[in-house]
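Only one chain is included here, represented as structure tokens and corresponding to the form predicted on its own.
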């Protein structure tokens, strides 16, 4: 499926439309934004990969507290460095698009929140999640007791099988009761 970054053929555009939740216009805009991040030399190279640092410079990701996790989850890099190809970038935008299903959005949200990539949200993941949401400054950081109580409440509400972690199906069950989740889990270019 690879192409040079400076051009996007009709067939490839149709294929991307089939494989994502994005419209033709959204794919073209994504391509434009992706190629704007490339150097002049990179624009003619096929399947170019952009570093996480350059991706994080996009205003749409810059203020997202999960920006680095988002890059890591969508990156197909063997080096696990968070760098993205254009197709990785499309996958990211597709999962965060208004047209993506609740199942797709909740699956990716779970992966983003699973900081240690072990397939469950344990106390460590939940603590990192809360810290990302509240900020990690002295003014906003929860006390140890507040954090313990909050994580306890989250597990009480979410951990259906009472194993001390939240698995994907438990997470999706909780998300299904959150009407604002689908509309708030989005990135628009």
Partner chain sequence: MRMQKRRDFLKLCNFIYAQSTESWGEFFLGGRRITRMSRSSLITSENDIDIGLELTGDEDDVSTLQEGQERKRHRGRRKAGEREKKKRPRRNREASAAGEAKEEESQAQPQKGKRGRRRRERTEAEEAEGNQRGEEKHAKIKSGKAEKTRKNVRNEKTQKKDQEEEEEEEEEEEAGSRNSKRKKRRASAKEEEKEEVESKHKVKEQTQEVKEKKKKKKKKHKKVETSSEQDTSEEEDKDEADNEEIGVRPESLTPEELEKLKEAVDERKKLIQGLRGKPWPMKKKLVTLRESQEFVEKYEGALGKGKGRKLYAYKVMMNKKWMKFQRDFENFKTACIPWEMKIKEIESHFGSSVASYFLFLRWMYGINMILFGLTFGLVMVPEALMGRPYGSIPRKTVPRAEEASAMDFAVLWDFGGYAQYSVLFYGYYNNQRAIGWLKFRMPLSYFLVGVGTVAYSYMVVIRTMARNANDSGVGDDNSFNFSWKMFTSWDYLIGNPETADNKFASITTSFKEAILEEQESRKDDNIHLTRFLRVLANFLVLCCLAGSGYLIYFVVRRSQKFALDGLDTHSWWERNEVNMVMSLLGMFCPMLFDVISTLENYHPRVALQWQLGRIFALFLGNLYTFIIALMDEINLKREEEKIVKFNITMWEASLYNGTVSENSTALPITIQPADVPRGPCWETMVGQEFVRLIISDTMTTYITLLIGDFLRAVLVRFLNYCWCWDLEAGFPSYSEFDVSGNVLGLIFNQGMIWMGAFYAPCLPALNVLRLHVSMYLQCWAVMCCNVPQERVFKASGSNNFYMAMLLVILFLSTLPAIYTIVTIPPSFDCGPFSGKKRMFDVIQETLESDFPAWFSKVFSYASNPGLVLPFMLLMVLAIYYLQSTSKSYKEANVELKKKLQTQNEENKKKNKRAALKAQMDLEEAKKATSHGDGPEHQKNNNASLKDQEVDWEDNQGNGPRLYRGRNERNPSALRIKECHLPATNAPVPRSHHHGSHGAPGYLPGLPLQSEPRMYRVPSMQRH
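Positions refer to the first chain, counted from 1. Not measured: the values here are computed from a predicted model.
FYI, the form predicted together with the partner chain isn't displayed, but the following is about it.
Among residues of the shown chain, residue 60 is one whose heavy atoms approach the partner chain to within 4.5 Å in the predicted complex. Interface membership of residue 51, defined by any non-hydrogen atom within 4.5 Å of the partner chain in the predicted complex, is ruled out.
For residue 129, a non-hydrogen atom is located within 4.5 Å of the partner chain in the predicted complex, even though that partner is not displayed. The closest heavy atom approach of residue 46 to the partner chain in the predicted complex falls outside 4.5 Å. In the predicted complex, 76, 78, 80, 87, 90, 91 are the residues of 73-94 with at least one heavy atom within 4.5 Å of the partner chain, listed from first to last.
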